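Next up: a single chain in structure tokens, the form predicted on its own.
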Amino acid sequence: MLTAFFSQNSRTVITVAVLLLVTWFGYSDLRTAAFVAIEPFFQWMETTWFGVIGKTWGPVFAFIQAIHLLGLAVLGGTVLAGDGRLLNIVLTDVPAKIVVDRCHRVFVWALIALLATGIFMACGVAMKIYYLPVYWYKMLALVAGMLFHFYVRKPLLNHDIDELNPVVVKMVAIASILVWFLVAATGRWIGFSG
């Protein structure tokens, strides 16, 4: 019975295990050693082309930041539309499967835009964010959001949504909204922390 549970829920178990491992790591002594070990990488990031452009050409950094925020808005819109449909709040006249699938396609492109522009912005202020605890909280939230979306939410919703337990579908939708809200909130907190 235990093997049947793990085979049916392997992605969920792996996601929970990774999150527990990261949480344990965050409170262990290994965190300090790892933090010191990655400082040269952040120093190197500031010397890359992205880092030099981000530090010296303010308008370019502002333009990339605007694209980053637009990507965040699109990603947030896809999360609210897809999960809002799962909660039967929005787009109730369209089948849930169609809304979820179309939102997922746009979500992936928005996530790619967010990651690409985020890397550019991080290179421009690498040493600043290295010392900001909220940056590390955002990275943890982002990894949790991506793991949840691609290893829990998407595989679950690949099945016929009407055949799934409605409580599970609603819980997944609420969890998805909350995790992506946490990513956005911690990202905004970085702006207030600098």
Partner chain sequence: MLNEFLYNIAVMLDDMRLSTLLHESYYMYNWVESTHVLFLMVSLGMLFLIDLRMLGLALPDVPASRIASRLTWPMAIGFSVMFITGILLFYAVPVRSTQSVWFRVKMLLLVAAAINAWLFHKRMNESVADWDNDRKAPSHIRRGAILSLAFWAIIVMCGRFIAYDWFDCIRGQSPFVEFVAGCVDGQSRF
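Numbering follows the first chain given and starts at 1. Keep in mind that what you see is a predicted model, and the values were worked out from it rather than measured.
What comes next is about the form predicted together with its partner chain, which does not appear here.
The putative spot formed by 108, 113 and 134 is not touched by its partner chain in the predicted complex; no residue has a non-hydrogen atom within 4.5 angstroms of it. From the list 137 to 145, 58 to 66, 155 to 163, 41 to 49, the contact stretch for its partner chain in the predicted complex under a 4.5 Å heavy atom rule is 58 to 66. A residue is said to contact a partner when one of its heavy atoms sits within 4.5 Å of a partner heavy atom; residue 175 fails this definition for its partner chain in the predicted complex, lying far away.
Contact between residue 122 and its partner chain in the predicted complex is not found at the 4.5 Å heavy atom cutoff. Under a 4.5 angstroms non-hydrogen atom cutoff, its partner chain in the predicted complex lacks residue 117 among its neighbouring residues. Not displayed here, its partner chain is kept clear of residue 87 by more than 4.5 Å at the level of heavy atoms in the predicted complex. Of all the residues from 169 to 188, those having a non-hydrogen atom no more than 4.5 Å from its partner chain in the predicted complex are 180, 181, 184, 185, 188.
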